[in-house]
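The chain that follows stands alone, in the form predicted alone, written as structure tokens.
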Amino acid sequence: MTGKEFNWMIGGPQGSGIDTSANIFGRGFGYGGYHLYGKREYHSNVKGLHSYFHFRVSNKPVAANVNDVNLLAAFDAETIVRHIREVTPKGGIIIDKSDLNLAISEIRTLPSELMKLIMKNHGSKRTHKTIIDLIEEAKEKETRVYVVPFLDLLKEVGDEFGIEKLSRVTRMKNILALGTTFGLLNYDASLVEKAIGVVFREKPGVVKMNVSAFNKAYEYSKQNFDDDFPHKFKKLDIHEERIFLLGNQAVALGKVLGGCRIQTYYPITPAADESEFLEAHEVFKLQSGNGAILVIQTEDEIAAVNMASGAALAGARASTTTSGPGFSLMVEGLSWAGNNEVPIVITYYQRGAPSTGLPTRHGQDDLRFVIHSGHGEFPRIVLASGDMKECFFDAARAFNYAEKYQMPVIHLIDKAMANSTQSYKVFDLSQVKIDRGEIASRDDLQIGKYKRFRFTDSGISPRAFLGTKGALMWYTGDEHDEIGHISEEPLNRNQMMEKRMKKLVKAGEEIPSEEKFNFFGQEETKNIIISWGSTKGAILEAMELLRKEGFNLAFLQIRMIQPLPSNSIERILGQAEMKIAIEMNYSGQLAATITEKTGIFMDYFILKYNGRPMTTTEVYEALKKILRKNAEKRQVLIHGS
């Protein structure tokens, strides 16, 4: 099983270094030439409750997670209870020696519904009073268990660096789990040491302590577990540059490349991570010198969207970023921007809803809300990225759409992508070209002549920036005439409504098809999947597995949902015998939108709304049921913990 594919999970209390250890793990394997996909799951409380990171490692590109775990690295008992059933036969579990005799009933952070499920699944065979009971059952399916004396190893680190209080080194339990992991994998320790150095690069003393802790656990693993684990990895020889990034980092970098120079936000999960990343890199290098982006934390989301509108009217490429509850507050400002043809970009990170819902969990519940948000009718472009590469390029292109068609652009991203990590070949930056649309000419700006909302055949009026010499303009929340003065006259109202709305028709006609949808497979294929957002990776991988078994499928991924490419959808789906909608919401919102616009109905639905992303495994199994003609019209997926 050397160097093929490996699924690793690390888990522990929130705030105990899960993200740090995952970052080091990913970088360590990345330096060795491997492809990675990692999923972060964390509780909405600040600290203490369960958090975990699931990483998939392969010598070929991977685009989603699977259900299986080959090695579970646990530095608390709850991780064992929650995830032990996900460990594959002949897989492995790393466990702290001090957790073995802990009674399950003493794990105070386990919710009552999970305790009932444990008793239902296990109670008939064993009483499961302690963690050992679960471990013994795992051994029955040949699971290997690696018991590590974490506290003893931490004491050794403390003695080496003259630290008497054990509490000062207990945070390095995550590094011990890493050391044990890479020892079992017989992986080049120097690559992981390099990763530790990068992650803690601003703290040389911390680097030394963590490298020491890593090596102690690495050597303990090598000496005590006798080369027992079947998965082994060695460094690969690669000849391409790669990047390793989070989804929200991909969006942030795409914005910078696309010319965004003002970002406003009010903190909300998971959107705030993007703004915080930009804050940490507000000054950056350009080929022509240094560049900068101004990131402003406002008092609320209403201020954030209105401040972005002000910046856009002054000529800056401006964006704001939020999640569901925050976007609800932005809607009045969105309507104002729509009425005044303001080219702002709103990055919308979907999460579990309604209300506060699942603040740190995944969802695709807000599609119809985004399409129809705001009172009255006004145009907006809605983009939905399907992977991190699309997140990057869509984030850059969104400003072109906003300025060319002078309307708000809403960039929809799933929480699953925002908090997932993936390796990619370095993106081709030459694909991004900046298009600022129609800027008012000198002739347009003659005193007394400039009309900000001038009627044109295209609906697009040449715009001047606030403060431009010779450009007098008015912006109001009321309906207005060509100059911007308030007008309630019927003829003017009709002309202004039609002017604004025909810009959306123009956008639908001009934006290239490859930026509106992707089609995978042959158009004559009779079985076609329709989906959007982060389900893309799992669908493509499931399709490849099914293709090897002789099944034929195609996949229509919708990327631009407003304006919807209705004609292309009708052409592609018109000859399909079986249409399968895959979405992460209860009602199949994209499918319903397609039906509304084209009259085409779906034959099957594969849905998931438990707050956890779809995996390749469950999409494959659900599709196979449909293809074998033994599926219900509606399948609901439930994997995740």
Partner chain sequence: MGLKASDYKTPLFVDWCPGCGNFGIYAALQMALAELQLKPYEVVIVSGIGCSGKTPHFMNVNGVHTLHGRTLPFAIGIKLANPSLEVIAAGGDGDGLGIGVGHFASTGRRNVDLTYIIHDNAVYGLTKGQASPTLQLGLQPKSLPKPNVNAAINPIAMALTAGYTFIARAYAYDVRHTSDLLVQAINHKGLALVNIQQPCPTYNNINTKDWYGGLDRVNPETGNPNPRIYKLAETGWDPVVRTADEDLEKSLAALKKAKEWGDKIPIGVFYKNELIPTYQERISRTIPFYATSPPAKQKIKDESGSPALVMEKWFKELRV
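Small disclaimer: the values here were computed from a predicted structure and weren't measured. Positions refer to the first chain, counted from 1.
Keep in mind the form predicted in complex with the partner chain is missing from the figure; the text below concerns it.
Is residue 44 one of the residues lying within 4.5 Å of the partner chain in the predicted complex, judged by heavy atom distances?
Although the partner chain is absent here, residue 44 would touch it in the predicted complex, with heavy atoms inside 4.5 Å.
Looking in the predicted complex, any heavy atom of residue 16 within 4.5 Å of the partner chain?
Taking the distances in the predicted complex, the answer for residue 16 is no, it never comes within 4.5 Å of the partner chain.
Using heavy atoms and a 4.5 Å limit, would one call residue 520 a contact residue for the partner chain in the predicted complex?
Close contact is absent here: in the predicted complex, residue 520 is far from the partner chain, nothing within 4.5 Å, heavy atoms only.
Using 4.5 Å between non-hydrogen atoms, is residue 204 touching the partner chain in the predicted complex?
No, residue 204 is distant from the partner.
Looking at 259-267, 511-519, 130-138, 171-179, which lies within 4.5 angstroms of the partner chain in the predicted complex, counting heavy atoms?
The contacting stretch is 259-267.
The partner chain is absent from this chain, but in the predicted complex, do 303, 317 and 355 each have a non-hydrogen atom within 4.5 Å of it?
Judged in the predicted complex, 303, 317 and 355 all sit within 4.5 Å of the partner chain.
Counting non-hydrogen atoms within 4.5 angstroms of the partner chain in the predicted complex, say which of 244, 551, 225, 200 makes the cut.
Result of the distance check: 244.
From the list 563, 149, 462, 310, which entry has a heavy atom within 4.5 Å of the partner chain in the predicted complex?
Contact residue from the list: 310.
From first to last in sequence, which residues of 270-302 have any non-hydrogen atom within 4.5 angstroms of the partner chain in the predicted complex?
Contacts from 270-302: 272, 276, 277, 279, 280, 281, 282, 283, 284, 285, 286, 287, 290, 291, 292, 293, 294, 296, 297, 298, 299, 300, 301, 302.
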